[in-house]
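For reference, the chain that follows is the form predicted alone, supplied as structure tokens.
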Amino acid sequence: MLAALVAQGADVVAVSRTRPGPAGRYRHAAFDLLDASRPLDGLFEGGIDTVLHLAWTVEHGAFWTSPENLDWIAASLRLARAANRHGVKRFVGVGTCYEYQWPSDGACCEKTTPLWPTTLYAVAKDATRRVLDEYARQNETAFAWARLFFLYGPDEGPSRLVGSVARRLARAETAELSRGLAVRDFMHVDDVGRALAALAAGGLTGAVNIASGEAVSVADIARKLAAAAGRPDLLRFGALPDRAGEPPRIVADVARLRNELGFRPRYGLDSGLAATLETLQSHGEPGR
């Protein structure tokens, strides 16, 4: 993400609870946005014209119902108010495809698909978007909302689909799966970072889907990984039960991303999955 923003020519201020150190033209601030006792004004020293706000609770499995979602609503609004006080002209927030009421046979479109969040996480994201949108309009700030769909990449944790299957294949172990009937929209994390950087640096406003626009079943994701590894014999479909209540299809309409923002991904699904597997095979297992 930092590298993508720097490539856009931006002077970047990165904020997190720790101090990671990728090289680039940026400065880093270690700051806990959930600490309401600390004023945020210091983050804007030197002048900031754009905020890209990605922070939220993301603990796998727990974030759907975590009470911390409420804390992130408050923290996001505090950040927006501080940004407004310091003259920020563009604010980009990050939401989720789980804000949508998913069409059973089509793609989620920002302009026409109804919103129907059904978890605390999704409701909190949608509520934050609604408030920030109106607040930005009131203060003449350009506001965009990136709705992420399904990400994958070499640092993906072993509890997630691609991370789990790729690690098992890299170790020549069997991969137990459900029937894999659910259809999803996956995008390589490097392309997601580039898309978010382009949205932050551009002038597009409103909701924008960040996704590939390609519908693929969970089973086909596993098959593509196995084909790249040369070990289709390691897949065990039906060894695990299908998830109860799992939505059958979640796929994005990417017309705004492609036609209005002008973004094109570097990775196709086959090449992205192969690169993810190759990284795990060559460099071990990041994300553990």
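Everything numeric in this text was worked out from a predicted model, so none of it was measured. For every residue, the number given is its place in the sequence shown, counted from 1.
A second form of this protein, the form predicted in complex with a further copy of the same chain, is not displayed here; the remarks below concern that form.
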Next on the checklist: So in the predicted bound form, is a further copy of the same chain close enough to Phe31 to count as touching (4.5 Å, heavy atoms)?
Outcome noted: no
Checklist entry - Can Thr174 be called a contact residue for a further copy of the same chain in the predicted bound form at 4.5 Å between heavy atoms? => result no
Checklist entry - Would Glu134 sit within 4.5 Å of a further copy of the same chain in the predicted bound form, counting heavy atoms only? => result yes
Next on the checklist: in the predicted bound form, does Pro67 come within 4.5 Å of a further copy of the same chain, counting heavy atoms only?
Outcome noted: yes
Next on the checklist: Which is the contacting stretch out of 135-143, 186-194, 160-168, 102-110, given heavy atoms within 4.5 Å of a further copy of the same chain in the predicted bound form?
Outcome noted: 135-143
Checklist entry - in the predicted bound form, which of the listed residues (Arg179, Arg130, His86, Lys89) lies with a heavy atom within 4.5 Å of a further copy of the same chain? => result Arg130
Item to check | Selected contact from Leu240, Ala36, Ala227, Ala55, since only one has a non-hydrogen atom within 4.5 angstroms of a further copy of the same chain in the predicted bound form | outcome: Ala36
Next on the checklist: Check for me whether a further copy of the same chain, as it appears in the predicted bound form, comes within 4.5 angstroms of all of Ser217, Asp220 and Leu277 - heavy atoms only.
Outcome noted: no
Checklist outcome for this item: Applying a 4.5 angstroms cut-off on non-hydrogen atoms, the residues of 112-126 near a further copy of the same chain in the predicted bound form are Thr118, Thr119, Leu120, Val123, Ala124, Asp126
